[in-house]
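A single chain, nothing else alongside it, follows as C-alpha cells in the form predicted alone.
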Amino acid sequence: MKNCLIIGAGSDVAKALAVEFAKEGFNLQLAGRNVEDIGKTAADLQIRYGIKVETLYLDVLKFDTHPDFFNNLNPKPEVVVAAAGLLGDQKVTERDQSATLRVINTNFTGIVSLLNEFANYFENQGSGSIIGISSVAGDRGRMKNYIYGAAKAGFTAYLSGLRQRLSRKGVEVLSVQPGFINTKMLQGVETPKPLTAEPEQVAKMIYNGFRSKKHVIYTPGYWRVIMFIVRSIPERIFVKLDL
C-alpha cells in the first residue's frame, strides 16, 4: 500500500482529502499542531477504511524541526500534500510585523522549507508526487487580502518552478488554486454563495487532478475563467475597484 502525508491535516479541506486517499487504499500520515483533533480523524478513517493512519505533531513555523521531521518519517510517503494555511486579518497584518510574518511563514516559507526535504528525496529516487494547495488570491493582489495573496503568489511560483525541475525526474507536482471554500478559515468572511464550494467537493477535484497527473487545477474550474478576467483588468482601472 502507498503512503500519503498530509501537512496541515487539521484543515477542513485536508480532512476531506484524507477521506479521498483513504477510499483508494492509501495509508495516511496526518501532520499538524492539533494532534488531538487530528487523532479523531485518524481513528475514524482507520475504522471506516481499514488503513493505517499515523498522527504526527508538526509546526510549519518551527523551521529547525523540519529536517528531523522528515528524517524520522518511516515509511517515507509516496505522496505529500501541503494543506497548511492561514488567512489572517488584513488590517492587522498591515500594521503588526509578527502577524505579517506569521501569515507569510505559514503559507509560504514554512511550507517551502518542508517541501524542499521531500523534493530532494523524490528527485533522488526518481518518483513521488507533491500536491500544493495555494489560492486564487495569489493570482493578483487585492487590497482586502494582499498579505495572504502575496504569500500564496510566492507558493504558486515555487510550485511552478519545482514542477519544471522535478518533471525531468519522474516526480509529479500539482498546483491547486481554490477559490472560496466553506471552511473554518472563512468563518466571519462574507463570500458569494454561488461561488463558495464545500470542502468535500474541492477534495474530490484535487484527488482527480492527482490521479490524472494534472499540473494546475482551479477548484472549482470556473475560477480559472474568473481569475483570467481579473488578471486582464488594466491596472489604471483595477486600482479604482473595490475588490
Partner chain sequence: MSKQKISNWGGYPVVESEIIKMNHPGTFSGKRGDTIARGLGRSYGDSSLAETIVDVTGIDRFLAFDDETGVLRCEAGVSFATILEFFVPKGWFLPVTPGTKFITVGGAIASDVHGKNHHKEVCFGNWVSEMKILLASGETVLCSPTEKSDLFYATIGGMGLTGIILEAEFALKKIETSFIKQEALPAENLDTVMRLFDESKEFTYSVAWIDCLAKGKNLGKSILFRGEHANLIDIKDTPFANTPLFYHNKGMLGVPFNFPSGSLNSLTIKLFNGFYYMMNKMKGSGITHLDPFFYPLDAIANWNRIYGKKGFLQYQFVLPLSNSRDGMREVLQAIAVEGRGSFLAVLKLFGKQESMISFPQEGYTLALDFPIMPGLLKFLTKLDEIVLKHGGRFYFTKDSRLDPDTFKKGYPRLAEFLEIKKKYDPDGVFSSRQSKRLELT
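Predicted, not measured: the structure shown is a model, and the values here were computed from it. Numbering follows the first chain given and starts at 1.
Note that the form predicted together with the partner chain isn't included here; everything after this is about it.
Asker: Identify which of R211, H215, K52, K184 has a heavy atom within 4.5 Å of the partner chain in the predicted bound form; exactly one of them does.
Answerer: Residue within 4.5 Å of the partner: K184.
Asker: Which among 30 to 38, 172 to 180, 203 to 211, 53 to 61 is in contact with the partner chain in the predicted bound form, heavy atoms within 4.5 angstroms?
Answerer: Only one stretch passes the 4.5 Å heavy-atom test: 30 to 38.
Asker: Does the 4.5 Å heavy atom contact test between L195 and the partner chain in the predicted bound form come out positive?
Answerer: L195: no contact with the partner chain in the predicted bound form.
Asker: Let me know which residues along 43 to 67 have a heavy atom within 4.5 Å of the partner chain in the predicted bound form, or say none if there are none.
Answerer: Those in contact are A43, D44, I47, R48, Y49.
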